[in-house]
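Starting off, we have a lone chain in the form predicted on its own, written out as structure tokens.
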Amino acid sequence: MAQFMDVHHGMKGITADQLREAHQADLAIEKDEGVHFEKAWADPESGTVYCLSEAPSAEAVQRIHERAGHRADEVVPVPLTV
């Protein structure tokens, strides 16, 4: 499976609890699309959230985020990791 990094904007002031809840919402349904969300990071000041996942496609990642109630603004492949 491929890795993807997705970015959410407009989440200014997000707390650790809110980030955890959003991540748990993804984890609860990720298997429906064959996705696995590995980690999430947030910058409450800028309102930017990043999620790293393994998935069959960027579209599968987006479908899970949409169903969980937080559509990503960008989903980009991460073809190279060191």
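This structure is a prediction, so every number in the text was calculated from the model and none was measured. Throughout, we count residues from 1 along the sequence that is shown.
Although not depicted, the form predicted in complex with a further copy of the same chain is the subject of the following passage.
Visitor: Tell me, out of Ala72, Ala58, Ile14, Ala68, which residue has a non-hydrogen atom within 4.5 angstroms of a further copy of the same chain in the predicted complex.
Guide: Selected residue: Ile14.
Visitor: Taking heavy atoms and a 4.5 Å cut-off, does Met1 contact a further copy of the same chain in the predicted complex?
Guide: No, Met1 is distant from the partner.
Visitor: Would Asp43 count as a contact of a further copy of the same chain in the predicted complex, using a 4.5 angstroms cut-off between non-hydrogen atoms?
Guide: The answer is yes: Asp43 has a heavy atom within 4.5 Å of a further copy of the same chain.
Visitor: Is Ala25 close to a further copy of the same chain in the predicted complex, meaning a heavy atom pair under 4.5 Å apart or at it?
Guide: Residue-level check for Ala25: no, no contact with a further copy of the same chain.
Visitor: Does Lys31 make contact with a further copy of the same chain in the predicted complex, using a 4.5 Å heavy atom cut-off?
Guide: No, Lys31 is distant from the partner.
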